[in-house]
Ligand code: GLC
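The form predicted on its own is given below as one chain in structure tokens.
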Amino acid sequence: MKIKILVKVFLVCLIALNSVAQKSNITPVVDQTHPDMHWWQEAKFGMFIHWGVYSVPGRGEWLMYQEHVPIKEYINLANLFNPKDFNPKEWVAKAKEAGMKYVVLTTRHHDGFCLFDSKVSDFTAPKTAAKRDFVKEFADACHSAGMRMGFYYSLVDWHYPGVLPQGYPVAPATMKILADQAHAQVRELLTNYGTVDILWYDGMSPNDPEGWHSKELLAMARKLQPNMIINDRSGIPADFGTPENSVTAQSRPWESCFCMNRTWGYAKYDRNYKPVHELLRLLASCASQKGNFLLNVSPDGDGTIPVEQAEILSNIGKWMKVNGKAIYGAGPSPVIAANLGMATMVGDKVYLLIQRWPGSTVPLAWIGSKLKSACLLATGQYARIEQLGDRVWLHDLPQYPPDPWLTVIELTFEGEPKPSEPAYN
């Protein structure tokens, strides 16, 4: 008798719990990697664009926070933000020239200013001096050029009271306003501008995925743009990791974003530019560890990419035209040459990206396969190969590196490239 009573109680509880779950409309955790990451992992190289009202004074994108500018003063920048030279077709052309395969634009940074038309905010380009939807113009330029495009969106909005300084608790009422606005604006971005390939979140402050309703936000994004990939900065792992200004390999898809100088947003007097050879080293380092490289540009208040940045992009593009086959679709190589620099593998080809040119003979070791040919990509010259066991010498090469930035040698093996044992870094 007691057993029957217990069974009935159990069944009643089970039915009640099921009813509560249905009424609460619980959204399941959605954090699985997108099934089609192939195009992005093949691409390897993209352009990041930080641009907004902060580009007018030209002291970086954290101006409002770092200089503690009151919102009533800061919003006046929107009355000065009317870029006559904005031409997204030129931005896309520069990205293509550099060998980049996708472009990610900051549609809204932490200051809350939207480059797009939003029904839930008046602090937008279409509703202030510019009277233009820059995101639409950017999206149209990307689509017409066949360029994959992404939208950066900062969750936090500094111009709400009680949000600054960052790191402090935010009042529940303010948190609700922030979350509601973020959900509405992400919906606008993913509804009004055609195909979006990448959603790049940032600025999850406070660090509270439940407060932002990040699971629901991700589910909505997946529904609106099913083929879009999403980064990890909304508190959900999603599709790819995003180490910033560092090359930190991960076991999942990942992308390192870097600024060319010291700031993401336009800073007029920041001349601390990384040289071309250093940026190419970072690109190669990412590719050799199956990662992507997202390189930032920072147009000025008129919409012009600074001449130094344009020149860097042009030089990277010249290198990529000759050596891009060592980058696109690349992953780690089983054959390494730590004494020379880095190595990637694409298909059955191994590419040595040589930072320390040794002279007319290039020595390798720990090679477990028969080397068939070694071609210098910069000149098309083939080396004379000497192989003794797992040691290899590439003879009759130039005494000095033929590429001023990063010299690449393409290795072809008889069969599958393999290391000898033990291979080591």
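One-based numbering along the sequence shown. These numbers come from a predicted model, not from an experiment.
A second form of this protein, the form predicted in complex with the ligand, is not displayed here; the remarks below concern that form.
- Looking at 280-288, 108-116, 328-336, 72-80, the stretch with residues near the ligand in the predicted complex, meaning non-hydrogen atoms within 4.5 angstroms, turns out to be 108-116.
- Though the partner is left out of this view, Y152 does reach within 4.5 Å of the ligand in the predicted complex, counting heavy atoms only.
- Among residues of the shown chain, D202 is one whose heavy atoms approach the ligand to within 4.5 Å in the predicted complex.
- At the 4.5 Å threshold, heavy atoms of W264 reach the ligand in the predicted complex.
- Under a 4.5 angstroms non-hydrogen atom cutoff, the ligand in the predicted complex has E244 among its neighbouring residues.
- This chain is displayed alone, yet in the predicted complex one of W62, W39, W393, Y382 has a heavy atom within 4.5 Å of the ligand; that residue is W62.
- R233 is the sole member of H213, K349, K136, R233 with a non-hydrogen atom lying within 4.5 angstroms of the ligand in the predicted complex.
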